[in-house]
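In the block that follows, a single chain appears as structure tokens, in the form predicted alone.
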Amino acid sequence: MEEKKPRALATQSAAKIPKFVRSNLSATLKAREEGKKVAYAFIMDGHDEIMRAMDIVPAWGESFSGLCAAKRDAEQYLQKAESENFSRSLCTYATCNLGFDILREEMGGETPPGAPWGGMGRPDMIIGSAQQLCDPRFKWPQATRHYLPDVPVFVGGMYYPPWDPQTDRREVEKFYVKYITEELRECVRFCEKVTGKKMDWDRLEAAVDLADRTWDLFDETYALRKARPTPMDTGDAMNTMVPITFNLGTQEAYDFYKELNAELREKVEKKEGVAEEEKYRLVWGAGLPSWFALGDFQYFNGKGAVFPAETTYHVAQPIDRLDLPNTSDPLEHIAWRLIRYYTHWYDKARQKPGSAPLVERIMEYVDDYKCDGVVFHSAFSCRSWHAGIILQAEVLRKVYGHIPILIMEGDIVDISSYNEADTHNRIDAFIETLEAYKNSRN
């Protein structure tokens, strides 16, 4: 498959992200000679600070599959997994990784030739976190171990209270926090056993504190995008999410957002926007993007449409807003932070019959960022994360009337169902709807 020309970036900071990704991959390849252990890991798992505190090098499978997709080099890995009877309808983050692992094992541990940016190092352990939203995260580590039988696996749940409009979240949160805290403690024991090292609790506490400060700085920085014209949109945000999702608990991540913050402030002051003429402001409502087609954001920009906000990968909320209980246990703090990240929207949703936390979040962005419409992306291989998009769209229409909504369809890694011309035609039609909607309101 021909490699796609990278999309133009609106910020200098986003242009530095490939260095982060390369560095993360390189660390997995150099770990063995540096005497460190490598762990296959998953984002939003609550394990990042634990791994950093124990000098375990995380190998982010979702990041590597996304890179393969962006390079349009995932097909060989998807086909390899398919040859082992993994259906293409399964999570293509997982099947792309599995195909890579199978090929590497067949080559005696050597990285398959041409693997993007040198590929990933072979893991010494797998630290999985299913979360209740993603069932493939239970099966992915199990399937990987079928091909890497010597690699020990730890998979937790990281459960948070399910949304129930009849239940006050405060009645159940503490039980989930206790469960998650004990899961994290078990994860620490697992890491100690594999690495042969004891946890440095002071170092973990420092990593958790740094992660909190990075959360706050991330949110403050992204809020600068409320400015009109917006200085950065979702096209760049799909890059600038890398430090907070794959480098949380590191000084490098905090420094990155400090730099991005300064750049966006300067752009706001100079009124430098993403589009030549900002006509329409949109929320990326839900859905992982097609990593092989990030240029579609640029196509939107060319039509005067920008995305000052998105729910995807906006993975942090201000710590004060979460109102976290005091605790001297860093693992319990991680648990509270994860729980409240999801549940702090529940109160707003309970006040509106028929609403839901995910919709409340989108509505907050529509109102605060003065947006004219919402775009969703429904990826066929990710049913768990993308379920409920149509319901969310219906709730938005009940609240806002005829607000323009576009539901794009495709995949995150598998390019076989993507047609650029058809996609752009749908965007063109949506832009016409946006124009008519704006005229009707004037």
Partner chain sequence: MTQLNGNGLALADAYYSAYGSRARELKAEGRKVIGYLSALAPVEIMTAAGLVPLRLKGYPEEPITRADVHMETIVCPFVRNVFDAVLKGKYDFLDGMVLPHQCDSMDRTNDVWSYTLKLPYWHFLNVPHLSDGPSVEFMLSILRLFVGSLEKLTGNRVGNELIALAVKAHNENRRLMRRLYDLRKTNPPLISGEEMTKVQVGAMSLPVLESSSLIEAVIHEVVQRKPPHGNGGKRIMIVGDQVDTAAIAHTIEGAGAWLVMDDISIGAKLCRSEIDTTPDPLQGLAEHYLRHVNLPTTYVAAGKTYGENTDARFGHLKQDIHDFKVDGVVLLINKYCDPYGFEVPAIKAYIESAGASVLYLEYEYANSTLPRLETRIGAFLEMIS
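Positions refer to the first chain, counted from 1. This one's a predicted model, so the numbers in the text were calculated from it and none came from an experiment.
Beyond what is shown, the protein has a form predicted together with its partner chain; the following relates to that form.
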Heavy atom within 4.5 Å of its partner chain in the predicted bound form: which of E105, D73, D329, E84? E84
Pick from M54, I415, V395, V38: which has a non-hydrogen atom within 4.5 Å of its partner chain in the predicted bound form? V395
Partner proximity in the predicted bound form: E183 to its partner chain, non-hydrogen atom cutoff 4.5 Å: yes
4.5 Å heavy atom contact, R203 and its partner chain in the predicted bound form: no
Test of understanding: in the predicted bound form, would W117 fall inside 4.5 Å of its partner chain by heavy atoms? no
Does its partner chain get within 4.5 angstroms of any non-hydrogen atom of I389 in the predicted bound form? yes
Is every one of C91, F138 and V155 within 4.5 Å of its partner chain in the predicted bound form, counting heavy atoms? yes
Which of 170-178, 220-228, 241-249, 107-115 has heavy atoms within 4.5 Å of its partner chain in the predicted bound form? 170-178
May I ask you to list the residues of 424-442 that have any heavy atom within 4.5 angstroms of its partner chain in the predicted bound form, in sequence order? none
